[in-house]
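Just one chain follows, in the form predicted alone, and it is written as structure tokens.
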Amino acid sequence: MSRAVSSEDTRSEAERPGPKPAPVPEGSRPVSVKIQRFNPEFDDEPHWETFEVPALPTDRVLNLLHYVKWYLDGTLAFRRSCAHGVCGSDAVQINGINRLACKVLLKDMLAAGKQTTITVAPIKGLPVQKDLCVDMEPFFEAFKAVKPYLIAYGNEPSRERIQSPADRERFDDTTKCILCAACTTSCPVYWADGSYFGPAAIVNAHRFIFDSRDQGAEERLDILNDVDGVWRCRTTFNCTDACPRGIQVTKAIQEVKRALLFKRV
């Protein structure tokens, strides 16, 4: 049986309709999105490209990046996953400040009565792979180096390790880290010398150093007492300002310093 051929199949390429125009939501206003671009296959240095994007006050910066990729330039590279501030994968510089693109609302950035320009660049201190994507391996190597897991010696317990609410509260703040690297890559010491462990690694060490069930605090403190450890911190508070989870990063670093000075937790 012969297959029916639609009228569209028989039209020449010139007669077929082109791609649909990019949508413009009702009530939107144009925003200039200036993005730092870098493609290692063609570029020697990063450069800037600007896109005009229709934006609503309820949009997030991540929505603008989606619009650019889906409708204006499909070659744009950036990371995102949950889009709800939980995975931490879309950390970028927005107007020069480390933020999660999925948490920054346009209503907080739109300039009244004039054109708004939003700059988006990759986080600093890590090698750029393409556009807004950076190589996270150095960051995760520092994270793994501080042994961010429960260490317990002796025989395996016959029941769960009980912890009081007060003991849990002691390290509650540093359990909130989502490893987005926003704090570490906002640190000028980390920019200057990538060998510094960085705030995120220290925060995750803190989470176990002050856990009453853990027996590896001294090991972690010895690691952080190294020349590239906690003493490199200059207390600029950049890390605390950059944290999308509201962790008191600088406070945690100071508590680790005190634990070293007084030799315990």
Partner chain sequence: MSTESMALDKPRSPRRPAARRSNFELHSWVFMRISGVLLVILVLGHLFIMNILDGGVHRINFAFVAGRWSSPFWQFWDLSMLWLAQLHGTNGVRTIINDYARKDTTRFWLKIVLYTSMVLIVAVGTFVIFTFDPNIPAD
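Here the structure is a predicted model, which means the values were calculated and not measured. Residue numbers count along the first chain shown, from 1.
Just so you know, the form predicted in complex with the partner chain exists too; it's not on screen, but the next bit is about it.
Engineer: Only one of these stretches, 217 to 225, 62 to 70, 24 to 32, 48 to 56, has heavy atoms within 4.5 Å of the partner chain in the predicted complex; which one is it?
Structural biologist: So the stretch in question is 217 to 225.
Engineer: Go through 120, 104, 189, 128 and name the one with a heavy atom inside 4.5 Å of the partner chain in the predicted complex.
Structural biologist: The residue from 120, 104, 189, 128 that makes the contact is 189.
Engineer: Do residue 156 and the partner chain share at least one heavy atom pair within 4.5 Å in the predicted complex?
Structural biologist: Although the partner chain is absent here, residue 156 would touch it in the predicted complex, with heavy atoms inside 4.5 Å.
Engineer: Given that the partner chain is not shown alongside this chain, does residue 84 nevertheless sit within 4.5 Å of it in the predicted complex, heavy atom to heavy atom?
Structural biologist: Although the partner chain is absent here, residue 84 would stay clear of it in the predicted complex, with no heavy atoms inside 4.5 Å.
Engineer: With the partner left out of view, is residue 232 within 4.5 angstroms of the partner chain in the predicted complex by any non-hydrogen atom?
Structural biologist: Residue-level check for residue 232: yes, a contact with the partner chain.
Engineer: May I ask you to check whether residue 142 falls inside a 4.5 Å heavy atom distance of the partner chain in the predicted complex?
Structural biologist: Residue 142: contacts the partner chain in the predicted complex.
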